[in-house]
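Form predicted alone, single chain, as structure tokens, below.
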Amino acid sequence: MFRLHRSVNFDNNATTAVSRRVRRAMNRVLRRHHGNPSGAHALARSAAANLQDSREAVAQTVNARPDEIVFTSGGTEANSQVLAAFGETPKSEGIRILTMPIEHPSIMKTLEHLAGRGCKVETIPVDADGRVRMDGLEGLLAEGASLVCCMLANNEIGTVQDVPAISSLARRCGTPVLCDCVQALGKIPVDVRVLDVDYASFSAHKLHGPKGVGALYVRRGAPMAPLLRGGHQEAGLRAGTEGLHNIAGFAEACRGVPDLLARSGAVAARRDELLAGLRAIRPDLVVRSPADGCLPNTLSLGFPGASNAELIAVLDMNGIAVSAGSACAAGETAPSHVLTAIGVSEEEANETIRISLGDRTSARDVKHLVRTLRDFFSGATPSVPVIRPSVVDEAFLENHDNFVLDVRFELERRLMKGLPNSHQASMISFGRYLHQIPKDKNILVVCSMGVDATAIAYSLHSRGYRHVALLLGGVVGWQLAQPALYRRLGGMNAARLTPKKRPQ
């Protein structure tokens, strides 16, 4: 979308780049092991042997037995399979599941669904760092529970839980434990025997493996049911022909875990270097990640008075990727449920960004991020003005000097009508619409809630558009501020811009 001088990833908790060794392993499987592992001929046996090698590599990394590893499409599927095995039953009304309020959306959303089907879902209290309050957990367990959900390391603030202690409490009550280890593997040691859990989920793309593959650890003897039914694959727990090349990539990424752990100290030192640089710029900086018991690469930072949408856009314009929280919830407009759970207000959450370093983050990368934010807070980077929806009245909309640019996604446009006389462009391939956006008019960039539009507005500003503004609250804010105008004119005369054809 943007013209970048350099690209720096400070959003490694969202995903990591596939390593060279992983790409080589995947290519080798694609070339040599293209048989179906379920067959009975030589090609199939070769594929099956490769599958078993991969299973053993993943199992060894987390100290599991090979027959306790079920390959999945990722952590979300692994979490969903465990929860479905407990909650999607004819007797779901008798199921009581305990969960932390800072779990990943794949847990939270699935539990919301199960609650609608009659399961009882209760929240384990946490402290200001997001750590389980053991007395609260003990009290909930005393009332009886079917399952405890407890992630090892939080993806937004980096808090590492004392899972062995949690498992010990649960074990006394005969309650199994599901541990989401997705964000932990490759950053801190993960040993399912030490954790003493019954189920654990993993995802390859968090440790330089491919996307679309992960694993579920099921302790031998623990109850489990398939989420996908059909064939006999994965010991009957996950039907469908295995994606052998992705699984081999995951295994190779796991073989690289010792190297990642060896570099974790250097990553933590780089993180502290970054934090010191940012504190020099903003002494009022609020660190929401815990000082102790935290992932070595993760910083959740609050910048009082600064919108995280604007910060993300400014950094993005300079080739720096950060986020406001979980990538799996990035499309939502509500404040982070993790920050809310640890007592952060909605205003403070909207001033918070997550910075997550990688094992190859350099001192030069850190300086680039610090310098970019220094320029922004010092005023060297011009900010984009924000227009309140009450100002966008009929006279504003009919003024030919104003050009309303609607960058919502197609689904959002189907759900809610936009401003009248607006010009619709795709945010994803935005650069292909520039030839139809006039530089001599006042450009008002509009999205659903005023977040996505920030990146587009800064992109336009960097390309020489000097009269660019954002609509505060987006289309939703305009509908609330101008209900009569929305009912009468919403969506009228909206036109789709035509993208420039890609060169052949």
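Everything numeric here is computed off the predicted structure, so don't read it as measured data. Start at 1 and count along the sequence shown; that's the residue number.
As for the form predicted in complex with a small molecule, it is not shown, yet the points below apply to it.
This chain is displayed alone, yet in the predicted complex one of N246, S323, S106, T175 has a heavy atom within 4.5 Å of the small molecule; that residue is S106. This chain appears without its partner; in the predicted complex, the one residue of R270, R238, H423, K206 with a heavy atom within 4.5 Å of the small molecule is K206. Not one of G158, T352 and S356 comes within 4.5 Å of the small molecule in the predicted complex, counting any heavy atom. When the small molecule is considered in the predicted complex, G74 lines it closely, a heavy atom lying within 4.5 Å.
In the predicted complex, the small molecule stays beyond 4.5 Å of every heavy atom belonging to L216. With a 4.5 Å cutoff on heavy atoms, D406 does not count as touching the small molecule in the predicted complex; it lies far away. Proximity of V182 to the small molecule in the predicted complex: non-hydrogen atoms within 4.5 Å are present. Heavy atoms within 4.5 Å of the small molecule in the predicted complex are found in one stretch of 74 to 82, 299 to 307, 142 to 150, 246 to 254, which is 74 to 82.
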